[in-house]
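So this one's two forms of a single chain, laid out as structure tokens and tagged structure 1 and structure 2.
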Structure 1
């Protein structure tokens, strides 16, 4: 696996250095600083120099770097880097240069615990917090029996959860969050439409509860092997947290699991079929001679009247030689941003079925050589609560525990787009 682990700041200074094996010296950090940090042309997260490979992830102007000489699984190395970042966030919040310097002793404890001789070990946050503690984590002297509990948790069947968790109020929150990606041609045909979704859960439940979680009856996981109905929800790719019992999901589309304590990602999925587009944008853009461009854009909400889209932002491109734009909108506010050559149209809320219109005229300066306008696509950002573009729904959520306590369950849906919902004109 990996031979060395480093954290660099944006100047290339080494903040954290850990050598797991003897095939590298600490001077290997100078190679990364010269070849990557000081070289602005480097864009790839993997750099191979001779027989040495550098894997790096950037977070808040820090470089989290793993170094190896062997032919390792690149996805595993990046998962290790991102897992380290999530663990660090759970301990001291934001991961930046100041927090790394303030917590360097803790970080050395963590990287020694989650990696042994360069191989990833236990990286469950709840387990780590039970024996690597800071002031922000409530801790007491770990007695012999407490140490025994930790060993059982780290090596037992449910390493992600302790059995003695207690809450006065037992609650479970489920968030189904979907990001819609759209690319639409100028003629109105969909070139690409897919959904990246994940189910985030926060479990504040006492004891060791068994949770059961049902999804749509018509749910097709692998559409190549099963013939699904036209109205079925088709998921191309599913990844689950390690607590999920997959055999029950295959038979009944029920997710059965013992949840970790606190917040975790239960499931991640993609969908490319039967995607419901929340907003329809109809642009009409005409160039009037060489001095003007006229815009008429309509935005329509394609969902029920009880729902609404919030934080709607359209970024409408203008030619490079635009001098000013006269905008007229009935909803929201529109402003020309010359530094970015776009008109930003912000609509606080669009109710389901509502139409909003935008009309504008852009004035252009005359140029000696006529350049064809590339017409970049219109970008749309939005959020719609209680709607899923894939059609995925949670049929039920049940909690079983031997003490039969009452638990409160909450389910929320959110569909959003941020820089990935584009309409050409």
Structure 2
């Protein structure tokens, strides 16, 4: 199991160091610093030196590192790291060097709680928040009472939920968030298009409600059955929150669960077929001699007219020897950013069916070694509300509770792209 846990900053300085077992000395941190942080060749997340394995995850220029001497399940260790990051996020918002330094006491408290002798323990954020609080003082009487509750909860059948939750207004919010990844060749053929989606739920329901969740009718999950219709929504790699009853899902494909109180991620999935691309980008880029490049780019919103894409940002690469770019746009603003060698074209809103065009010429300077411009892809970021690129729709969410109260359910859809919606030209 995990023998040690570290957080390093970019320079390799140790910010957090926790040894769970005695098989390492603290100086093992130096080994990681020398072998990984200062060695720019190493980019693999797992490095094994002798019998020692270092697992690391990078987040905001921090290294979250687990060290072990045994042959552990690597997926488990990485899950632990990511879980730590999400816990940290929910505790103090942002995980970076500064926040780690500011919250180091809390972090030590957390990592002692979520792992015991190197074995991962309960890492449910809501549960953790009930006894690891950022407020310092709780009166001791309440604390004693609370702690007994915590014990019953942690050891009970539904460790993620207390039994005595009460709300005046019973509400459940379901957010379906999809991230579209696209890479399109210069000829316009789709090389890769897939959707990473997750269903986020916020449940403010009294008692211990039993929920049932229904998605599209034509839904193929994990593509076991070959006979899925061509227009069916196919989901791969579904992953559920621990509250979902998996055996029920396995037998009847129904998603039923007792939700934790508050916010949680119900499900994660991936879809690779029938991906609807919300924005169509048609670039024409010509190199005129060695001194100029002309751009002509059209963006077309490929969805219903009632919807709209917001925060659309196109990053259009320019050659490395560009001196300046002269841009003309009808919608939004375009600006040459030399620091990144791109023209950034920002459009606040595109209505469904609308078309925006961009035309520009970039002036080049002569260089000593004439090398062909690599033409990196155009990168597009956007957000479209109430649209799922995979076509996933929430049909129903039923809540059964002994008291049979009425509950209100809200469903929201969001499709977005950030950093991996790329079009070559």
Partner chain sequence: MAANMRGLTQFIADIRGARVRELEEKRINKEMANIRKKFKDGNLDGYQKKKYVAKIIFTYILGYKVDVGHMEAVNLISSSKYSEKQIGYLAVTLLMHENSDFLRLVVNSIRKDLDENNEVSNCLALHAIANVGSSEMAEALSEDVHRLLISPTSQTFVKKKAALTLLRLYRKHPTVIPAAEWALRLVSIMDDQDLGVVICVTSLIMALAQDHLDAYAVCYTKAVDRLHRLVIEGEYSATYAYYKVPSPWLQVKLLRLLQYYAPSEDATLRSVLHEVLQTIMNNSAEPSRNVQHNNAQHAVLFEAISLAIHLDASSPLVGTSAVLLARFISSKETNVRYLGLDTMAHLAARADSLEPLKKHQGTIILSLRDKDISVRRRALDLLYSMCDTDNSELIVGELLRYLKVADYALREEMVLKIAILTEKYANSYKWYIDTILQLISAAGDHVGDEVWYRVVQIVTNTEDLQEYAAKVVFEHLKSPSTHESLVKVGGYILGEYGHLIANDTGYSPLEQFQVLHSKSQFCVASTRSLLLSTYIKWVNVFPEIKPQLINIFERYRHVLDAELQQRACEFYSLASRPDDDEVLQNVCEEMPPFPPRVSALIGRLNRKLGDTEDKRTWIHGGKEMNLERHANSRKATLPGSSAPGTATVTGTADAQDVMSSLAGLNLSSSGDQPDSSRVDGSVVAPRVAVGPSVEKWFNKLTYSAEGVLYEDVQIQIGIKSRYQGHLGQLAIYLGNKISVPLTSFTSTIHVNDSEALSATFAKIPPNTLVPRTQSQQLLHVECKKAFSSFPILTVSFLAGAHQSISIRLPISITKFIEGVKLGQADFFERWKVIGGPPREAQAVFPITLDGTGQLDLVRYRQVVSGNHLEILEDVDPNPSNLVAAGVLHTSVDGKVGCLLRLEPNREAKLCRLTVRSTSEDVAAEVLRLIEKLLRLDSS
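Just so it is clear, the model here is predicted, and its values are computed rather than measured. Residue numbers count along the first chain shown, from 1. The term rigid core refers to the maximal set of C-alpha atoms that superpose within 1.5 Å between the two forms.
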| query | finding |
| --- | --- |
| Between structure 1 and structure 2, the form predicted together with its partner chain | 2 |
| Core-superposed comparison between structures 1 and 2, residue 295 Cα displacement 2 Å or beyond | no |
| CA of residue 203, rigid core aligned, shift of 2 Å or more between structures 1 and 2 | no |
| Per-residue C-alpha change between structures 1 and 2, residue 312, threshold 2 Å, rigid core fit | no |
| Rigid-core-superposed Cα shift at residue 248 between structures 1 and 2, Å | 4.0 |
